[in-house]
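Let's start with one chain on its own, the form predicted alone, as structure tokens.
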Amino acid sequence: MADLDQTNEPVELDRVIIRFAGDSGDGMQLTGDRFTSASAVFGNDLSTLPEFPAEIRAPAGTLAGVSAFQVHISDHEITTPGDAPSVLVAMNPAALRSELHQLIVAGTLIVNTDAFEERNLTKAGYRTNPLTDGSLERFTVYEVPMTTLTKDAVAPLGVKPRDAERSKNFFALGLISWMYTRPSAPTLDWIDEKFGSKPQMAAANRAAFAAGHAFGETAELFEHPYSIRPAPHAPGTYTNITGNTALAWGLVAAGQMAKLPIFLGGYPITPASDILHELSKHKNFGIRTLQAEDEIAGIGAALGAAFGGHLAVTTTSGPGIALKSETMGLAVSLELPLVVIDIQRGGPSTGLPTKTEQSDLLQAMYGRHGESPIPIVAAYSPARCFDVAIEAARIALKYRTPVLLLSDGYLANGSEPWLLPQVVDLPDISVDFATETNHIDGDGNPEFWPYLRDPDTLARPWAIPGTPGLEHRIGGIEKADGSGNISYDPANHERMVHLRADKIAGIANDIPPVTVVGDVDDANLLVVGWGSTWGAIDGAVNRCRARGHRVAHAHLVHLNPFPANLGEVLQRYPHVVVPEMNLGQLSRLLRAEFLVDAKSVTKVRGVPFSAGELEAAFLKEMGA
């Protein structure tokens, strides 16, 4: 089916922020994802924010069951899903009540009037119908009987009424696709591919999409459609990618660059499970995945795979990190490469499973028994998760150490365009396994000592078990320096503790210096961030600079050790502010490490910062 033609000339916009909201069974994530994909094909820059209900299946029509998806598309570079939507699609009263406060004044509100019956109004907490009581006068409201129109459109196909109603999200998608001149072909092709084995369902979804598109074009409710030109991009092949998919693909690439098979041992946990799901699709790249019986079994299997010569990975969220801490300490003692991925979510304990937070930094830094330092890296955008996965693998393999990779729910589920890299541009992180003995015993016989270190990196040799002549022992009880024999000698223990710490500290010489953007030389305020705050900070800094204020921004990917020049950078600026989705964990580390008066801007509401929130905080700090 060809793209559906427009009949009236669209009005051009430079950007739009649309929020789809409905019951968790209304398919809002699918609707938002399909609209995003069509926009990516069209060439817009984009950023998304999916928001899931915390309950697996809250009662239909209740506030607890509302699922939302916000997408920001533009004809220029953007870094956030937008501060507030200019368009809200509300599929029922609960969605309207839950999400209306997000909509800008005079914004566009599209509602499914069929859902605004007394029963649903009561469940959403309305005493009167907001469509008739005048409470929506601040907005431009379009009332559309989506359920009825969907049923009418699919009735000739013989679809049961209940099944027909499930296609109403495609009606909404068709309507919004007409309003913003999205190409139809990507959605229709996806329907055919997704529902190819269920032709009646495919036909129903296509009919619903076409009906929504036609309604926008012919109902005379809307003055005109809108268009957003493609954004300028560097030449190359692009795809729309989420953070978790980018992490998985980064691990695939790391395995190829390291010339090692990958093993992932994990246990399903929101919001990390998608990495396990995605990697399980790529066995052709020498990847083995294990859905273990629990978190401890997952990391234990991964550590065993590392002993056997694999690039080993385990994935989890904050609660799983707590369970894996003992085995991470064992990996520190064994000095084996292991990538531990933590997709952070709201805590403590079970906390907010479907909401985002950055509250695991201090746990990543200190949450193990004894002196057990671990390198920490953090992704800062969905697409950059790919690069951080390779960097974590590089450090783990080169320095024979577990590495903690921090992402969060916002990055994991959010998406943006990603330029596929050229394979020749990816780093060579291959490993030389030990193949020969490296020590002569007292009787003149050659033997292998597992803790003889490279003088530059302090990394120990990595010998695959079963290599003839390289029999050796490693384990959790302290080992003698060099030989690896069990040792309870106090001086040896202190030496080994220092060696392990010095090895991690030395990584600072092998990572890029921190870069400063904005008013680098004469800023009054330096904003230091890490992780997913990058987009909002970037937007807020640019807004402040546009007002004439002198502001600089430094964003950290390496959190342990810090870049070697970070202390010098911090001392150059009179004011330092650290925005975090926690109660100030990085600011504590900066104050302790560099004795700088770093001030925190914190948020722990389960949703990311907006650029507007940070702009206000930065202006306040500067007394503006």
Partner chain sequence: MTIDTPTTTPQDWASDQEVRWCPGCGDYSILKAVQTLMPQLGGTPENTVFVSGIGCAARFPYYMNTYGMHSIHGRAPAIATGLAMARDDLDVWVVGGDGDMLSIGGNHLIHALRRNVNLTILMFNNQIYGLTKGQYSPTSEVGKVTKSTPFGSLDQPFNPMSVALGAEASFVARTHDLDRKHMMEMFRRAREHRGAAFVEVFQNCNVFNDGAFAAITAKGARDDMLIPLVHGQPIRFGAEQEKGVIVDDQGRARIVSVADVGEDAILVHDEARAEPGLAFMLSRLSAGPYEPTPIGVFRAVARPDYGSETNRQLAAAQDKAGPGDLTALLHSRPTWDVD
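Since the model is a prediction, treat every value here as computed from it, not as a measurement. Positions refer to the first chain, counted from 1.
Beyond the structure shown, there is the form predicted in complex with the partner chain, which is absent from this document and is the topic of what follows.
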query	finding
Stretch in contact, per heavy atom within 4.5 angstroms of the partner chain in the predicted complex, of 38 to 46, 594 to 602, 552 to 560, 65 to 73	38 to 46
Site test, 330, 334 and 386 vs the partner chain in the predicted complex, non-hydrogen atom cutoff 4.5 Å	yes
The partner chain contact at residue 366 in the predicted complex, heavy atom, 4.5 Å	no
Non-hydrogen atom contact residue 284 with the partner chain in the predicted complex at 4.5 angstroms	yes
Non-hydrogen atom contact residue 304 with the partner chain in the predicted complex at 4.5 angstroms	yes
Partner proximity in the predicted complex: residue 466 to the partner chain, non-hydrogen atom cutoff 4.5 Å	yes
Residue (of 300, 319, 518, 268) lying close to the partner chain in the predicted complex, criterion heavy atoms within 4.5 Å	300
In the predicted complex, the one of 252, 276, 211, 110 near the partner chain [non-hydrogen atom within 4.5 angstroms]	252
Residues of 396 to 427 having any heavy atom within 4.5 Å of the partner chain in the predicted complex, listed in sequence order	417, 418, 420, 421, 423, 426
